[in-house]
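Coming up is one lone chain in structure tokens, specifically the form predicted alone.
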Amino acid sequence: MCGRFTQLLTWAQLRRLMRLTSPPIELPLRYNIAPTQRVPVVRHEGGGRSLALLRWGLVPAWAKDLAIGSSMINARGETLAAKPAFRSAFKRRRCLVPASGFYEWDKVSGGKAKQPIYITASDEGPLVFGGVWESWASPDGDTVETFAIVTTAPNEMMSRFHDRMPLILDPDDHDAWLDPEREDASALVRPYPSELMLARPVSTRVNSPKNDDPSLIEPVEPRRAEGLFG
């Protein structure tokens, strides 16, 4: 599962990390990216790698309404090749979603409240999610490009929070995931190693997408929780 994430990389950093060949794009630092918002993703284009701003929540080409994207922010990696909503994109339109970290929520003992958890790479370097994208034509004739983040089974650390986790790709797999000649990338769908990830409790302010500032990723004293911090 991936329902919120951060993107704290500048254009220059992304250009080096992702080997971009497209023109620069103005990119604000984002501490609380939420579904339906426009997000920088990397895709294969014109023999190189381009960065484009796509709407988070995949809308299949056959959909009648843009609203369907709100329920398609994630795509299960194990069924991508079979699901009508995703199979065409998985075969021909895969993308990379650069991130700095993502959020999950841990159960708190004795109540319904949940503790937000911020998850990053253990070296605090960037993470790159595998994604799929689509182009949708609205009834008015406008073209809207959308994407979904691929998910996979959780590693040991992530299983404490959820039964899914975003597909995090090793840098050596980026070319294979983007390769337009490779129709089936199922072999790349696997959990990221636990030892390469860190988790820390953060403020409940992240629960509102209206909040988008550096304080969201600062560590806080955790509530008594059933998971990692129990």
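None of the values given here were measured: they were computed from a predicted structure. A residue's number is simply how far along the shown sequence it sits, counting from 1.
Below: the form predicted in complex with the DNA, not depicted.
Taking any heavy atom pair closer than or equal to 4.5 Å as contact, tell me whether Pro40 reaches the DNA in the predicted bound form.
The answer is no: Pro40 has no heavy atom within 4.5 Å of the DNA.
His174: touches the DNA in the predicted bound form, heavy atom cutoff 4.5 angstroms
No, His174 is distant from the partner.
With the cut-off set at 4.5 Å between non-hydrogen atoms, does Ser100 touch the DNA in the predicted bound form?
Ser100: no, not in contact with the DNA in the predicted bound form.
Please tell me whether any heavy atom belonging to Asp163 falls inside 4.5 Å of a heavy atom of the DNA, as the geometry stands in the predicted bound form.
Because a heavy atom of Asp163 falls inside 4.5 Å of the DNA in the predicted bound form, the answer is yes.
Tell me which stretch of 42-50, 174-182, 190-198, 29-37 has a heavy atom within 4.5 angstroms of the DNA in the predicted bound form.
Looking at the partner contacts, the answer comes out as 29-37.
Identify which of Ile73, Ala89, Leu96, Ile117 has a heavy atom within 4.5 Å of the DNA in the predicted bound form; exactly one of them does.
Flagged contact: Ile73.
Taking heavy atoms and a 4.5 Å limit, what residues of 135-159 are near the DNA in the predicted bound form?
Contacts from 135-159: just Thr151.
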